[in-house]
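Heads up, the chain below is alone and in the form predicted on its own; it's given as structure tokens.
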């Protein structure tokens, strides 16, 4: 039986594909800045927004966007101006966010299943409103990351050089922080708060095994993210597994296959290069005597 004939499975597939395309487009900038785990911290802040949305009977996704955005701005401001390190600020928001989310969900009339849906993802319960929110935010995020790619790459690669070049470094850093918050929020429905960083980082890590330039790495990461999202939903539909976990495991499996293939290709190239530069062997002693 074709499960994709049902509306809820189609919504799950479309939502996963949007997230699979948008998450690596932002994740590559986080990997470049060595902030691969910031998605986990903002995911826990977004959980507070989910709890507030459930308590106030508002859209949890929209409220989570606001909460995660505020958290991202606070982290960036603390990193830029405060005496507290960025890691410490991230840790404070990490623990405060998840504690606030659990408390607010407990105060609301929602069941524990609602909390688990956001902790571990629940694509099959994505409503039409959630899908519209994911689609709009995903498209805006993707277009922004592609259009501003040169400036964002300059800031992530060398912030001092970008500042000397006249780029608005502070505004671009805030844009990356807000973009991370948006990515975390829309990916929350696909893979859950606890697995968000994987969808932003693993496709980028896999693409880095076989590409060299930033643009080619970004393109390959988006393609791998799209594949992992689609294949993960298909595996979940056929094997009756959790969609979020299936998407992440497919992404990790793709990384392992790409890494092994890339290592094999590099080994063959080294061997071929060594064969070309190896000098011819000296004639044997009995051959010299015969001459």
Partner chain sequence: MTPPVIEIAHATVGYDGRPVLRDVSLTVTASEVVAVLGANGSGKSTLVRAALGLVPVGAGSVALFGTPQRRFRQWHRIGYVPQRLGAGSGVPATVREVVASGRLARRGVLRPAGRADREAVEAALDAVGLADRAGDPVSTLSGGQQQRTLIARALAGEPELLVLDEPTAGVDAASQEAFAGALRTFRDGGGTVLLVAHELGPLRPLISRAVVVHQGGIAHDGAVPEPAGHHADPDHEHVHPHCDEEPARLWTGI
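Positions refer to the first chain, counted from 1. The shown structure was predicted, so the numbers you read here are calculated from the model rather than taken from an experiment.
Beyond the structure shown, there is the form predicted in complex with the partner chain, which is absent from this document and is the topic of what follows.
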Next on the checklist: Looking at heavy atoms inside 4.5 Å, which stretch does the partner chain contact in the predicted complex, given the options 146-154, 68-76, 176-184, 128-136?
Outcome noted: 146-154
Checklist entry - Taking 116, 235 and 240 as a possible spot, do all three reach the partner chain in the predicted complex with a heavy atom inside 4.5 Å? => result no
Item to check | 4.5 angstroms heavy atom contact with the partner chain in the predicted complex for residue 161 | outcome: yes
Item to check | Proximity of residue 211 to the partner chain in the predicted complex, heavy atoms at 4.5 Å | outcome: yes
Checklist entry - Would residue 96 sit within 4.5 Å of the partner chain in the predicted complex, counting heavy atoms only? => result no
Checklist entry - Is residue 28 one of the residues lying within 4.5 Å of the partner chain in the predicted complex, judged by heavy atom distances? => result yes
Checklist outcome for this item: Answer key, the partner chain contact in the predicted complex at 4.5 Å (heavy atoms) among 142, 167, 102, 194: the residue is 167
